[in-house]
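A single chain comes next, written as structure tokens; it is the form predicted on its own.
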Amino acid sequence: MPSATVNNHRPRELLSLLASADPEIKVRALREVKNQIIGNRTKKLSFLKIGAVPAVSGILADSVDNVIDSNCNNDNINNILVQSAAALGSFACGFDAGVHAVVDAGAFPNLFRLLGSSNEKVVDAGARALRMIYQSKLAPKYDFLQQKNMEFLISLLNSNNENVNGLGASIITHSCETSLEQKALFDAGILRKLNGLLEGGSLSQRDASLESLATIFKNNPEIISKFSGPEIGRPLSSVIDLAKDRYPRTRLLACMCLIVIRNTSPLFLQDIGIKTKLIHILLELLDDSGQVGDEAPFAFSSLIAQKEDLQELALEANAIDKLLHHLQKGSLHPRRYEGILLALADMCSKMESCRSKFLSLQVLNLVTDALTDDSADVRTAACICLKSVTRSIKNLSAGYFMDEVIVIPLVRLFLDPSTSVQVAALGAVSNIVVDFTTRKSIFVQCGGMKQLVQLAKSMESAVRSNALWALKNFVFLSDNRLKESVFSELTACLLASLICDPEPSVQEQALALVRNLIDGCINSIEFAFAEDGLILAAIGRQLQSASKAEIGIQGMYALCNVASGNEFHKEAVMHQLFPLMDDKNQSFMMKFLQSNDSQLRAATVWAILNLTCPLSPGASGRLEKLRNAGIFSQMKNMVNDPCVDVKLRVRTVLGQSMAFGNN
């Protein structure tokens, strides 16, 4: 048969050529498979569907047996190994379905076997392919706690082959998750080896080392302290120096490593100059047109999140202006678009000055546009950004956000196919609907309220919880007419079932909703008694078995609001507190009064205060029942409670009891 050339064949044609007995045809077919699929997800999928990965994996398995086990050094077989490894790596690169296929085909151990080859090209190809696989979360986890595995990892880091070193670092980055594994790596001297690559290695080795170090440092202040001490040298200074490196990716990875150190051990990197420099470097990296620019806003977010001092420095560095500049460019990569929105969200999460700057620059319009983006991650990020901005009390009070341009697209996202988008949209709406009794009609008219009720029935607990949170805020300080419309949609039956939901977070929000619903006039309190007191009974049952303090807090405040009503309401509350009508039976109130949670103690004392108001005809009888249950003896022990609110209310209750001659 004449020598064949393999070019631009269709996938099925290439699959048949892979089965050729002629090694040259096989090599060329493997090379063309690799070339066709590089950077082309559609092509990868086409080859996956016809079983190309098992075919290539089979070729690798057959050839590796010949070369590694029999010490054969045949050029044709080595070429087959190089090309099959390269093809498998290409299938796995940036494509989780490809990683899945490679692992399922059994190629993973054979790729590791290539590292034992005497041929440098074969070793290099195997290391490259494995590094591509280890970029995915689907790659098998490496067990560092086995001695032989640790020894093998050390051999990878000691190798003279750059890709083999990089593989060792990639394994650490992918697989190191626990403090026990971090300690094992430190004890084995891995940090010293990584530091050696950091200070004397190539660009690729430095970058891989920075990623691995960040993984080993994460949430482990003890390791950071040891790394920064004299035992290893001056590694922290090396990382700081690399943050100023000429290569953008190195600068980004060095910044990310320093951020992990700072977030894990705040005592390190306190110097304001270093913090300011990190902010400026990350903002400059946004200008990079590639992956570095896509990842820079995420690193920036992790630097400033929940830290007012860093948010203030970022504001002074014109971070919001620069982030806006990139948003205005349009046609952003979804990853970059998402990152910029999340960075803006973190900038506006705490400081009113940042929110004011955000609003003054008209960024809100661009964020609102992102609510309709094709990417679910971008839509989620836009909602999170709106949630941060709408924490502005000044602008909330002015009804600035209760606008159709913002509200309508958010309500539409309630029906988004992505649960994360739904939850994020509910989070933004939860802020927007607070305290605007004059403009809440906009939300009702666009169907928002009815959608919230429907979402409260969702199969997803996070959606149920957040829908209830939004409803809770929606009825906060609302007039009775609005409350009635909400209650008619919810129904007592649904509310009672949500109070007893299997998920504690849903229970808490359902109780908080009832608390706000029945707060106010006597007519509002009557909601708790609808359908023969279904809701009130559900509250009582839930308080008997409350699994979290937060559930007890919301439940007791709900009873407190009921107890603010007339004599009938107060006696109904007493029935829930003492359902067995047995004075000697210890009520859950005693447990609440003895709780370490000051809010739970306060909520319980407030309920007692309303039950024992001297102006109420039945107060004396209720006082006697509480005294017999040991409640007053406990309260006498609380007159100097460390919580001021608890202390004041306890003294008020005890003072009220004196009017009835109780002491």
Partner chain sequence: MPVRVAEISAPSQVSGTISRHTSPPACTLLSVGQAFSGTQNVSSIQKEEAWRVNVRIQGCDLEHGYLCGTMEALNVPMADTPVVTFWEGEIVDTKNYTFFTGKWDASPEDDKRHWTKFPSFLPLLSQVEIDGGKSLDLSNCPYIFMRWKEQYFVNVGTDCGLTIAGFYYVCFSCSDGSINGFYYDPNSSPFQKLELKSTNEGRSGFSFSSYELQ
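The structure presented is a predicted model; accordingly, all values stated were derived computationally and were not measured. Numbering follows the first chain given and starts at 1. Think of the rigid core as the biggest set of C-alphas that the two forms share within 1.5 Å after superposition.
What follows is about the form predicted in complex with its partner chain, which we do not show.
A residue is said to contact a partner when one of its heavy atoms sits within 4.5 Å of a partner heavy atom; Asp22 fails this definition for its partner chain in the model of the complex, lying far away. For Gly520, a non-hydrogen atom is located within 4.5 Å of its partner chain in the model of the complex, even though that partner is not displayed. Using a 4.5 Å cutoff between non-hydrogen atoms, Ser598 counts as a contact of its partner chain in the model of the complex. Within this chain, Phe476 lines the site of its partner chain in the model of the complex, having a heavy atom no more than 4.5 Å away. Listed stretches are 163 to 171, 140 to 148, 200 to 208, 564 to 572; the contact stretch with its partner chain in the model of the complex is 564 to 572, by a heavy atom cutoff of 4.5 Å.
Here is the short version: of Arg128, Arg515, Arg379, Arg251, the single residue with a heavy atom within 4.5 Å of its partner chain in the model of the complex is Arg515. Lys350 is the sole member of Lys226, Lys183, His325, Lys350 with a non-hydrogen atom within 4.5 Å of its partner chain in the model of the complex. Although the partner is absent from the chain shown here, none of Lys44, Gly98 and Ile259 has a heavy atom within 4.5 Å of its partner chain in the model of the complex. Contact annotation for 548 to 562: residues with any non-hydrogen atom within 4.5 angstroms of its partner chain in the model of the complex are Tyr557, Cys560, Asn561, listed in sequence order. Comparing the forms between the shown form and the other one on their rigid core, the Cα displacement of Arg622 reaches 2 Å or more.
Taking the rigid core as fixed, one finds a CA shift for Phe529 of 2 Å or more between the shown form and the other one.
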